[in-house]
Ligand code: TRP
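To begin, one chain is listed below as structure tokens, in the form predicted on its own.
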Amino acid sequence: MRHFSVLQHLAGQLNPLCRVLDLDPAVPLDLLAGLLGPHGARSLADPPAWLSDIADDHSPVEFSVAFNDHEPPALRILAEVPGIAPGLGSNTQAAYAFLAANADRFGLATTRLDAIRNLFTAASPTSSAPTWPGSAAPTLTKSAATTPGGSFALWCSLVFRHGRDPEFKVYFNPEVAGISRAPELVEEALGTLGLRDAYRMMLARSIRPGELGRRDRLSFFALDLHDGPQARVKLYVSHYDADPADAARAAAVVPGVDPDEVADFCRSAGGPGPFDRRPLVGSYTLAGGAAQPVGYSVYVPIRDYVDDDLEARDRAAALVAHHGFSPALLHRCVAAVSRRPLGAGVGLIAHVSLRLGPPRPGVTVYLSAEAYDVTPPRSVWVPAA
């Protein structure tokens, strides 16, 4: 595989994934090439041009399959768009250029993005960012780039559903100006969007006492780029050294969410805890006019709590089946992406998540591209006869 280019490797996974999910691969493949830009032609024999946090091996793309209660499964691509000379500022500029190139084609709604983008693409509130579609986002200061939270500024997500145009979403890094400033930036952004009350309710009831910015950190701020009734703002909280009871407590702030269901999902996916490797992550769906979050998801980094991907696939398949979806379809999706025996590594199945509340409850399984490397299994792997 090392003689392949980055684009060839990723397209070789995306194309069969689309076929498994009954999606026309033409638009997803075209957009994948746009996300990668010139870096798609780089040989996998060369090291990654940018050490992206999208994946453990620094692949710039992650796939996921969302099993939905009331509609067919959807395919998602999460990507960090590399700049010509990759870096925080250059990658942010490239991401905005990608969005601008597709804004008219897919009718992207950017009003909310325009209103808050300066907060998350600059190292301080006094720095300026270009107006939409803009030419160049500013380069972040060295202090922002070297803080623990300075690993990315902007990621792009594309969601593909049968018979529909793709949906676009962006992920901002609340810690782009440092961990301590994340709550301030998020509150200002949500206040601009009319969601401050829901944010304060979430903080008051879901953060462990005294742990905001410590063991409970604001890790992602996501924004849908469409203006339909199901357009979302989502805030993600990483819970370090948490256990299933902590996740249940964090979920209880959302009306209609069963905290016991959240705890059971965490235990089934990752064990009893504490989750002392990668953290549990919870996300809150916020809607205009609502005084509290309206939806919740929990994300379990399953790869850190299994010996290998064979165990991870079996756990994920059991969760998919428990929630009423097809484990056989999951097996086919995993096979479409994998280029090795599942027992020969760990990390191909990176996360599993449970989505509760509107707009689309269900289960999502996240699949790493492993374009550059495979993490060895934690147990000794013995090949089948």
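All residue numbers are counted from 1 along the displayed sequence. Worth saying up front: this structure is predicted, and the values here are computed from it rather than measured.
Just so you know, the form predicted in complex with tryptophan (TRP) exists too; it's not on screen, but the next bit is about it.
- Mapping the unseen interface onto this chain, residue 303 counts among the residues with a heavy atom inside 4.5 Å of tryptophan (TRP) in the model of the complex.
- Contact annotation: residue 278 falls within 4.5 Å of tryptophan (TRP) in the model of the complex, judged by heavy atom distances.
- Of the heavy atoms in residue 55, some are within 4.5 Å of tryptophan (TRP) in the model of the complex.
- Remark: residue 351 counts among the residues lining tryptophan (TRP) in the model of the complex, judged by a heavy atom distance of 4.5 Å or less.
- Although tryptophan (TRP) is omitted here, in the model of the complex none of 30, 96 and 168 has a heavy atom within 4.5 Å of it.
- Of the stretches 340-348, 31-39, 315-323, 47-55, only 47-55 has residues with a heavy atom within 4.5 Å of tryptophan (TRP) in the model of the complex.
- With the partner removed from view, the residue among 74, 263, 78, 190 that has a non-hydrogen atom within 4.5 Å of tryptophan (TRP) in the model of the complex turns out to be 78.
- Shown without its partner, this chain lists 299, 199, 221, 284 as candidates; in the model of the complex, only 299 has a non-hydrogen atom within 4.5 angstroms of tryptophan (TRP).
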